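In structure tokens, one chain follows: the form predicted alone.
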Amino acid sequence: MKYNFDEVVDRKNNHSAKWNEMDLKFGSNDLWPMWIADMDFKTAPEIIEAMQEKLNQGIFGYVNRPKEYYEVAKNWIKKRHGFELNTEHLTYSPGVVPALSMIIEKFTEPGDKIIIQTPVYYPFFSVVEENNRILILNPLKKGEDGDYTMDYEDLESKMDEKVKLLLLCSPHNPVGRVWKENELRKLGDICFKHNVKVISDEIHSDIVYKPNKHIPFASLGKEFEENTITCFAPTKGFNIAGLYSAFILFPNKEYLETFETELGRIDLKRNNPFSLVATMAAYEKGEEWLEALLAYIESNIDYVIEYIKENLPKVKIKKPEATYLLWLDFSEYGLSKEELGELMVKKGKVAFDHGQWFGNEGGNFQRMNVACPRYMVEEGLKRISKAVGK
């Protein structure tokens, strides 16, 4: 194998939040870390090489962002997702979550309503509520087969003149759905009808398993493009989240300029030296590594599913169509959300993201991160087995 995803890398002694901040969430660092969404793999060699060249220069002053920075992002989106985006409407952000907060603050007013589709990535809650906007929940529907779908009837019933935005998670974290074209079009039609703009968080769009295909929401036609703000980044797919690099695609220059003015006001308009070269190297040279990564993670997913089938049949799991996050359903154990979380932490000594963090619908779930060497997956499964017993 050209890339060694089984390599053991010491992260505990290298300032890793995943390994050293568990006490803040779980009350202890003496746990097996399978929670926060970053990987325990080294990033692509081409990215490391680009960063090494910058390091060797030895100068880390303010960075000038070349035009090519946006062109490589445009080329990547076109090649991977078939969408020809307009670079004149594209800008930098230090991250997707900061961008969500700034967009909400600049394009809505206190007291406006914003819809999210739960269970969902938990910062979606805070970026709405901490900006003094009203959070409206449109829970996903979970079928008997474990598949999640959008509840359009519920969505339509919650639309009124105070609803200004809908936050779309696409692909969806934590349930792992890759939304199909007909699902996205139906969602878009409801939003058009009620004059609700869509912020589409597409940060996981590079981690999609065949035959599924990510469809950028803005790619579905001019009406969609004009009603959508898209957030994407190389950070999840290439494990460079700590470099803080993201892209925001706006429907027009007016929106873009408003956002860039706000970035300037808080002095966050520039990349750091490493995020710039890492982003360009990822999108220009990292595709072969990414494909190998996807194959490895999918093999981890299949391993977990088979292990659970044979050893933990009361745990329900649906193979995700995207992301490296597994949404484990412990409903059959009849535990409260507090009991389930305590069981994993205190008896299993394993740190998963507790399902309740993603909304009330997640109370019987734990989110498991399998973007790690196989030995970590094996140990995590042993700890689940220890926690729940036979």
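All values derive from a computational prediction rather than experimental measurement. Start at 1 and count along the sequence shown; that's the residue number.
If you look for the form predicted in complex with a small molecule, you will not find it shown, but the lines that follow are about it.
Remark: residue 273 does not count among the residues lining the small molecule in the predicted bound form, judged by a heavy atom distance of 4.5 Å or less.
Remark: residue 236 counts among the residues lining the small molecule in the predicted bound form, judged by a heavy atom distance of 4.5 Å or less. Contact check for residue 173: a heavy atom falls within 4.5 Å of the small molecule in the predicted bound form. Among residues of the shown chain, residue 37 is one whose heavy atoms approach the small molecule to within 4.5 Å in the predicted bound form.
Of the candidate stretches 76 to 84, 221 to 229, 190 to 198, 90 to 98, only 90 to 98 contains residues with a heavy atom within 4.5 Å of the small molecule in the predicted bound form. The contact with the small molecule in the predicted bound form, taken as any heavy atom within 4.5 Å, belongs to 121 out of 121, 217, 250, 179. Just one of 281, 203, 293, 114 comes within 4.5 Å of the small molecule in the predicted bound form, counting any heavy atom, and that one is 203.
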